[in-house]
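The form predicted on its own is given below as one chain in structure tokens.
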Amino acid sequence: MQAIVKAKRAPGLTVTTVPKPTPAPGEVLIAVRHAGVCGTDLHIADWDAWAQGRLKPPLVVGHEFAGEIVAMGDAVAGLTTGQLVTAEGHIVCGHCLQCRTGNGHICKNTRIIGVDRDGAFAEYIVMPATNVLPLNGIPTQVGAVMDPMGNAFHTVLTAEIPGSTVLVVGCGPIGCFAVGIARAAGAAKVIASDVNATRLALARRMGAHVTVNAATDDVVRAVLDETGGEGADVVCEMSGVPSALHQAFAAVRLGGRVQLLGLPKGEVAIDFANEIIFKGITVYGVIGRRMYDTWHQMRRYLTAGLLDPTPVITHRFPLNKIDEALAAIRSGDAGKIILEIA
């Protein structure tokens, strides 16, 4: 089968032929129809310090996908061939303290497809049946972005949203999803900030009531003006940029909540007394999707028509155009990018 492979410990990705996998007991074989390209794939292609410390090439990359079940190993129940599905890309142990207390999303033994084992930028992928989720009528191009969209659902819906003012800091694809989710969940006002005009336009398409260009305007002042001087009830920080992190803490109201998804590249100095403690705020760190309540929330919103994520999908490429897909991400003018595989 054709696949995109990290072939060696050096920059670049290779489109090549690899053996088609066979499902073992408890696994299903999925013919991939669509796959999402994200920043992690860019880190792997560029072979940055994180990738050098984590990956062991050769490896099929990619961790966001949807497709059709074409074969099943023994001892698989509740799934059928021909079913359109997506999957949770974090494969957890099920036995550690975190897994056994309903916190599998922070399992200490997590293995990620496309990072720790062969991934989804291929014509076929095998997945544990426990990780596979039927799409229930959701199109596969949307199913292919449910992994990153799930990060946004986790970020937004672990806060109290109905009637709240929500500030989304950073309008990359996950930030734009967060804008739409906050609107769908009943936020009274959604404010979005970024330094990129294209991304701010996407945020408006996803329902932001107010957008603020952080390159030219004072984000904190704008939030205070929109909230009668109180600040946002909930801030979703999606960028990881140090200045944006400080804006998040400054813009949240006293007793509010800051949801942290964006990953800083290094250490960030925080004034704990004035930015967190004296404000009496709650800070929540987000990683992945809660297994599997986030997925069920997401499917309900999508199947009920409460959220349309398709405006965020701006580019589509065939499998053999991965370099062009990565270039579109680097340009800063893309939303979510999809590989069309079948």
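Values in this document were obtained by computation on a predicted structure and should not be read as measured data. All residue numbers refer to positions in the sequence shown, first residue = 1.
The form predicted together with a further copy of the same chain exists for this protein as well; it is not shown, and the discussion that follows is about that form.
- Looking at a further copy of the same chain in the predicted bound form, residues 193, 196 and 317 place no heavy atom within 4.5 Å of it.
- In the predicted bound form, a further copy of the same chain sits within 4.5 Å of a heavy atom of residue 261.
- By the criterion of a heavy atom within 4.5 Å, residue 266 is counted among the residues contacting a further copy of the same chain in the predicted bound form.
- In the predicted bound form, a further copy of the same chain stays beyond 4.5 Å of every heavy atom belonging to residue 53.
- Using a 4.5 angstroms limit between non-hydrogen atoms, residue 223 is distant from a further copy of the same chain in the predicted bound form.
- Comment: 283-291 is the region of 35-43, 283-291, 308-316, 63-71 lying near a further copy of the same chain in the predicted bound form, near meaning a non-hydrogen atom within 4.5 Å.
- Contacts to a further copy of the same chain in the predicted bound form (heavy atom within 4.5 Å) from stretch 224-252: 230, 233, 245, 246, 249.
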